[in-house]
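The data below hold one chain only, encoded as structure tokens and taken in the form predicted on its own.
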């Protein structure tokens, strides 16, 4: 099974977050960059599934030249090669544009003799919260799609008519996928080719080995120039949540703090006077 995993270079938002001048994106000038947790899990699932089916994993990203770092990070843990669709203005592309570009790459590779049986993405973008690319890509390719999936594995005889049932179908090779729904675990049997959006939590992404890091430095990264945006980015703006503040009351020092501490414990009902 040959698998394409679409990833995104996103700011490492473990620190303080600010917006850019347009208020439509995160100001990442002073931040490091990484791959989102959803996509790390998608890469891990792809590597496991490809290994079980004697297949391969290709990773793809749309972004600046520096995004090759994230592609090589995926190669370091088991992907075969990468595709960089280069643009210096990622914010100009909306979900419909990105889905169309990925779809064109899938069709172009198919014409060259490389067919991707499965396309994996993160369930949503870690920086902007877009949930649309996976679904729009599936419509563009006319593939079945699942979202919010935590685990998957290859099966024989999967059928689209069994979605939700989890039992074997009458079709060709496929995948059994699991995710958490409103009523608990949901199991789907899906015929290939297909698009699946992965939610973090189902697997633990692996760490790269020294050998993997060395391999990643030499891995083939195919580069394309991004086309002009079609529909453009429809995002109106982002809003930061209000900052939460906390205060600390010093009750005293040493034995002198004991009476105040007793008062607090009585107030919250831990002890009775």
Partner chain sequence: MTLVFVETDEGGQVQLTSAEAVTFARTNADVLAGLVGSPPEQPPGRSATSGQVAQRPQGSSDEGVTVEAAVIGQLTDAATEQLARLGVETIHHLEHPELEAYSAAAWAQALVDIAPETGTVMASGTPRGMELMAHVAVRTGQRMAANVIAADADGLLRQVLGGSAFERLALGGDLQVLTIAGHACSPEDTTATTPEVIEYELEIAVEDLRTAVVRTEVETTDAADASGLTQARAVVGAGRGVGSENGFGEVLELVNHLGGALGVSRVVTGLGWRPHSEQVGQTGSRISPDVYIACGISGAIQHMAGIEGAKTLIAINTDEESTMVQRADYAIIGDLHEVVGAVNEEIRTRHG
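Given the structure is predicted, the values throughout are model-derived calculations rather than measurements. Positions refer to the first chain, counted from 1.
Another form, the form predicted in complex with the partner chain, is not on view; read the next lines as being about it.
Distance criterion of 4.5 Å from any heavy atom to the partner chain in the model of the complex singles out 238 from the list 221, 238, 216, 226. This chain is displayed alone, yet in the model of the complex one of 84, 146, 76, 98 has a heavy atom within 4.5 Å of the partner chain; that residue is 146. For residue 129, a non-hydrogen atom is located within 4.5 Å of the partner chain in the model of the complex, even though that partner is not displayed. When contacts are judged by a 4.5 Å heavy atom cut-off, residue 117 does not count as touching the partner chain in the model of the complex. Although the partner is absent from this view, residue 54 stays clear of the partner chain in the model of the complex, with no non-hydrogen atom inside 4.5 angstroms. Residue contact with the partner chain in the model of the complex: residue 199 places a heavy atom within 4.5 Å of it.
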